[in-house]
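Okay, here we've got a single chain as structure tokens, the form predicted on its own, with questions on binding and movement later.
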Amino acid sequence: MQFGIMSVSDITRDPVSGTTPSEAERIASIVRIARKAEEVGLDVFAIGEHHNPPFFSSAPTTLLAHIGALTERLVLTTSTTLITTNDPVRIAEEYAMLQHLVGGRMDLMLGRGNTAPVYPWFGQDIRQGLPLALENYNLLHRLWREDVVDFEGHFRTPLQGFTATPRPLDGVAPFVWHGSIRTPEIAEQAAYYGNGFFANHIFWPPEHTKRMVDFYRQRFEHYGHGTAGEAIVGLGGQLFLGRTSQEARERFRPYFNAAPVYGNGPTLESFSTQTPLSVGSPAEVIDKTLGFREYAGDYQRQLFLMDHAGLPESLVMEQLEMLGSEVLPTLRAETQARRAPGTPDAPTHAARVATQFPDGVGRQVRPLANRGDNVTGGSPYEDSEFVATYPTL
């Protein structure tokens, strides 16, 4: 199983010191945090997408490409990319470019987003959020798999003979996770395509997450991608570590109480009991994290939120050190020992190339002679035999 961290990219006042980092300080800090994640042995770094203060991550591909150049092993992803307000053509192009630049060490998590004003900023209607998500991903899926696309939908200018460039690295589209906290239609879409489903169950009780994951697994099997146990599942969570449970709670409580998403609601103790929030000693965090499989089954990716609510970089680094040295080795060993036979590994670019091209050599796209371009008509890459199918959702 892959373990990693995800950031929502908030710039928040530290309630203990009273200081608020500048945008420049926070952006530089997240790069150091990502590099630290690789240093302590984590597998994945994920960044959210926002277009409003106090968040800084409006251009995830720029940030991920920079981090990719500074790391060697870390898988880079989003949490999430807005499939509703981004043009699917731009998503296809930008993330294919990122895939090339980082040698396949990336995937993509799609979501609808939860900030209502962003829709009109990008010319969209939030009341159409769900059909937008379904139609836009339909097009994105085709743009990465078909060299030449003719498309006509409800929300976008039609395409005729269009080729998105660069073509995916080795001819293998980036793996896609569909992130959702409450929408069955998104789980259905993930299942239809055989993609991954990421349940960010930070704020939800286990019963809710179980219903969403079970539904996705059932539909994954229904569409013929494999058994329910072979479906690709990811979970979110938040943790804060201390030498003892008392120390962890005392140090985290000011941040919990001041956090917009936590404060003025249930107590830290109640929230920890009712949701995946793990605040305690390494042993307590290990036990709680291992308990996620009791309601979600064996899954492939666990991401932890660790840098929000004003936590200073020094404290985040300390947390990452403890996670890497005192939690991660046991989590890896125990999840491997407990997982059911036949449970698939987390998808990687290398594994997907090997599956799609049994000789281990991916498709290397080169423009064909005298084939024109997107403007003049014929496509320079019009040699794909892929035939797309379309969902009825």
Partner chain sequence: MTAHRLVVVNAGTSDPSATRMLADRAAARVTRAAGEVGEEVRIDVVDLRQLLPELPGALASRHLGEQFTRAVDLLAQADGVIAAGPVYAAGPSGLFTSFFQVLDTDLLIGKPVLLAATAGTARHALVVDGEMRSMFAYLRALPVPTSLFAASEDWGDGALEGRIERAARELVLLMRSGFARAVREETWGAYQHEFGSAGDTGEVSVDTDLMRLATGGRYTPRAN
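Please read these numbers as outputs of a predicted model, since none were measured by experiment. Positions refer to the first chain, counted from 1.
Another form exists, predicted together with its partner chain; not displayed. Remarks below refer to it.
With the partner omitted here, the residue from Gly265, Pro120, Gly224, Pro158 that has a non-hydrogen atom within 4.5 angstroms of its partner chain in the predicted bound form is Gly265. Comment: its partner chain is not present in this chain, but in the predicted bound form one of Lys288, Arg145, Arg211, Arg251 has a heavy atom within 4.5 Å of it, namely Arg211.
Contact check for Arg182: a heavy atom falls within 4.5 Å of its partner chain in the predicted bound form.
Using a 4.5 angstroms threshold between heavy atoms, His141 stays clear of its partner chain in the predicted bound form. Although the partner is absent from this view, Asp150 stays clear of its partner chain in the predicted bound form, with no non-hydrogen atom inside 4.5 angstroms. Remark: Ser270 counts among the residues lining its partner chain in the predicted bound form, judged by a heavy atom distance of 4.5 Å or less. Residues with any non-hydrogen atom within 4.5 angstroms of its partner chain in the predicted bound form fall in just one of 98-106, 68-76, 308-316, 274-282: 274-282.
Annotation for 184-198: interface residues with its partner chain in the predicted bound form are Pro184, Glu185, Glu188, Gln189, Tyr192, Tyr193 [heavy atom within 4.5 Å].
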